[in-house]
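Single chain ahead, written as structure tokens, the form predicted alone.
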């Protein structure tokens, strides 16, 4: 079987390599010449655990090009961005990909759309573009199979997660299901194309609404004088409650965008729109907390630690750090950024010592494991303030070094440096330290609660 994959990004490339390592001949297509050249020279264009080894095993059956070739299966995995002004999906890349396939399409070929799209796109947009080949839908097969992969675990989840596959007709559904059984070990659930499109958007919208609730709890807890992290841990002891953690906003290509795809043609859906507004406003709220930490400080400087949208990845798509930096600079703050994972960002990235030197507030925006290990004694700042929006730092060490520590969602009073240390073990100073072990948020979560949210 020959497969042609259009789009060699975070989903398209791993999918192409999985098919290639399972005996298929795969041509990967991308409009970026640099991506194609990199792959043909033996280098992958982004980091993902296990991807380099998979690439080594796939090279005998995989080649990269800028234009598609005739194949038995065409798989579309191109970006579907959101127009920020109108909150409407931009399906330009999907339309162009289908148009590139049409001249090559023959009877009994299969086209699979993996890109996340509004409900009805497969039938209303992709099928007519493909029919320009002269072959009618039904004569060729067409299906939608949305990905369900978490960055940092992409390969494992592509193989072992369940998949929803929806076909244009029954034959398309069954053929596409057989295709993915080549490497998928999870359950495969068959449905129609529009339902499959809807399901993917439902999944990410559910998580977005859940995160918005957690972020509202965080803000309310500060008004009430409560530590939201301890409160969430206690509430989650209820057998039917599973509250997520708050944070500085929602990022990534899915959760920050997909809810708008679901509602763009609706006049209802007030809850979904409100959740998007809450999560999009969290960078504003983080800046509000900084203002309270730096009253009267002139020419203040902020050191941002972590600009990726979640921990231990290099992905900055829709990262809340971008909006936060824009807002902070517009208010006159000097912002410097550090992220050891990210190679390419809209703003300059500096080494840790340069990013923090002379700063008035250190702000943790991503939960990279390496940030937990930073030695506060080695940090040379002008004013010792730490704002942790992820609840990951070792607060005792920072306080002992003279830092005033603030935690997003901790409404208890922020104590001056060095005070309250003796009460840490009893959990009486939650603004300075993680909750006591009895309510630790590191307790195991129920199966399936891993999140592709703001983490």
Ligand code: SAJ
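Numbering follows the first chain given and starts at 1. A quick note: this is a predicted structure, and the numbers were derived from the prediction, not measured.
Keep in mind that the form predicted together with the named molecule is not shown, yet the notes after this line are about it.
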- Task: Select, from the options 189-197, 171-179, 129-137, 246-254, the stretch whose residues sit within 4.5 angstroms of the named molecule in the predicted bound form by heavy atom distance.
- Result: 246-254
- Query: Given that the named molecule is left out here, which of 148, 384, 323, 336 has a heavy atom within 4.5 Å of it in the predicted bound form?
  - Reply: 148
- Note on the structure: Partner-free chain; cross-checking the named molecule in the predicted bound form, the single residue of 203, 264, 216, 329 with a heavy atom within 4.5 Å is 203
- With a 4.5 Å heavy atom cut-off, would you call residue 309 a contact of the named molecule in the predicted bound form? yes
- Message: I'd like to know if residue 207 sits close to the named molecule in the predicted bound form, meaning any non-hydrogen atom pair within 4.5 angstroms.
- Response: yes
- Quick one: does residue 364 come within 4.5 Å of the named molecule in the predicted bound form, counting heavy atoms only? no
- Query: Using 4.5 Å between non-hydrogen atoms, is residue 142 touching the named molecule in the predicted bound form?
  - Reply: no
